[in-house]
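Just the one chain here, the form predicted on its own, laid out as structure tokens.
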């Protein structure tokens, strides 16, 4: 990995989001669940604002609303009071409690506080939702680590073993609601029953309602999560999960559920790997409609080659999204010159090498723990033609005068981020058309005479 000289010591315009935000997104994918932040009110307000602007959906995140005195005396009383209020107002089936920098720093023992809370309401005879806690101080990781750790915490604290049942688990990572709906379609077409965790395809992209629902419909049922230890197997997306103990690995070690870890299926080769896994599990070949999608995708690779070959791209964002996008860009003839992520999971460079080896003649500059200050230092000399990532890269793309292909999260300056399909042959087709049209539009705009026929 290339080292920078005179590296700036502070994070400036971070290429990541905070850890409990990722946990809240994961909890929103569970039926009847309410995310709960044990920390200051400001943390919850910031996250609600951030998530709403991408998904354009109401977002309730409860908070224990700690103040200065709680930093000295502890936040147990506020946490218990907050849980009681959430139960009274929302009647949730589960509350996902994520800690913040404040409560981790002062040393609140959240598991003990939750045991005391359960004991108290049991003595009163009140019904209690499932309580799941996860440690997510933002100084120890990014929103993606918070997301994966929340999923693992839910499985660790709820899943049970027993006689095997005829279904599979699917842990897709942080993909769009439209991606999750497409995953259900694919798995169903292989005649497989599937539990996807988390499933926020409805809770973060739902229909218009005549009356506001405190907890939106949808999500992975708690009853289904409890059965995940009895699945025939698990599929887990993420080449960069090598250094983590994930939900899939936990089910494997605790209940013997076989876990297949593959790359997020973005582009041709990673999608092929996903379909191969489904063929092996189901024992049936890929349905014809997907083979036709694959064939049309390859045909469009040929059609578009003259527009994209030799173009140079900067790709940034979450590690597994960047890895999948880099794999896809190399397939269509674009040279990724910089692959950057705010995470520092430790497997990023290896993952990028895995998806580019044997295709690229020049290896891209791969940077983890990066911010946009770092990216901006060298990117001009790299002479990229496009940037691919979320909206936080817009100021740099504007400065460089090149198109920004908006993917992933957050997308704050466009509509429809939750409806972008990134995965499968269908997602690759969508990305290809978007990228090629952006390049053509840039060429048109820069032309002194313009043209209207290709």
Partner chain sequence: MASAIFKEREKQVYLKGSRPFDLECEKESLAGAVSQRACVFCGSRVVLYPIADALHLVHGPVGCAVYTWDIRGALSSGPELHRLSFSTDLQEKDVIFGGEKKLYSALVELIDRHAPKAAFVYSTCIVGIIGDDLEAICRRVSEEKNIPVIPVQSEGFKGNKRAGYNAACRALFRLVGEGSTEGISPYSVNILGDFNLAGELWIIRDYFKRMGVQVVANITGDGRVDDIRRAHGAALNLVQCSGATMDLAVMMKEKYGTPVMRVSYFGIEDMAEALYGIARFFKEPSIMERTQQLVREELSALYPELQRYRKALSGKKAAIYVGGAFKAFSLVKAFRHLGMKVVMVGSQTGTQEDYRELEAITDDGTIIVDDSNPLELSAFLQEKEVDIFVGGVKERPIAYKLGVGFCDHNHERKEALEGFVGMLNFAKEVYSSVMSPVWRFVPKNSQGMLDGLSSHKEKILRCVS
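Just so it is clear, the model here is predicted, and its values are computed rather than measured. Positions refer to the first chain, counted from 1.
The discussion below concerns the form predicted together with the partner chain, not included here.
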Problem - Heavy atom of residue 49 within 4.5 Å of the partner chain in the model of the complex - result: yes
Handout entry: 4.5 Å heavy atom contact, residue 434 to the partner chain in the model of the complex
Key = no
Practice task
State yes or no: in the model of the complex, is some non-hydrogen atom of residue 294 no more than 4.5 angstroms from a non-hydrogen atom of the partner chain?
Solution key: no
Handout entry: residue 78: touches the partner chain in the model of the complex, heavy atom cutoff 4.5 angstroms
Key = yes
Exercise for the section: Specify the contacting stretch among 381 to 389, 422 to 430, 399 to 407, 65 to 73, defined as having any heavy atom within 4.5 Å of the partner chain in the model of the complex. Expected result: 65 to 73
Problem - Contact check for 14, 61 and 207 against the partner chain in the model of the complex, heavy atom at 4.5 Å - result: yes
Completion exercise
Note: exactly one of 348, 274, 147, 372 sits with a heavy atom within 4.5 Å of the partner chain in the model of the complex, namely 372
Problem - Listed residue (288, 253, 223, 243) with a non-hydrogen atom within 4.5 angstroms of the partner chain in the model of the complex - result: 223
Practice task
Using the arrangement in the model of the complex, list in sequence order the residues of 83 to 104 with any heavy atom within 4.5 angstroms of the partner chain.
Solution key: 85, 86, 88, 89, 90, 101, 102
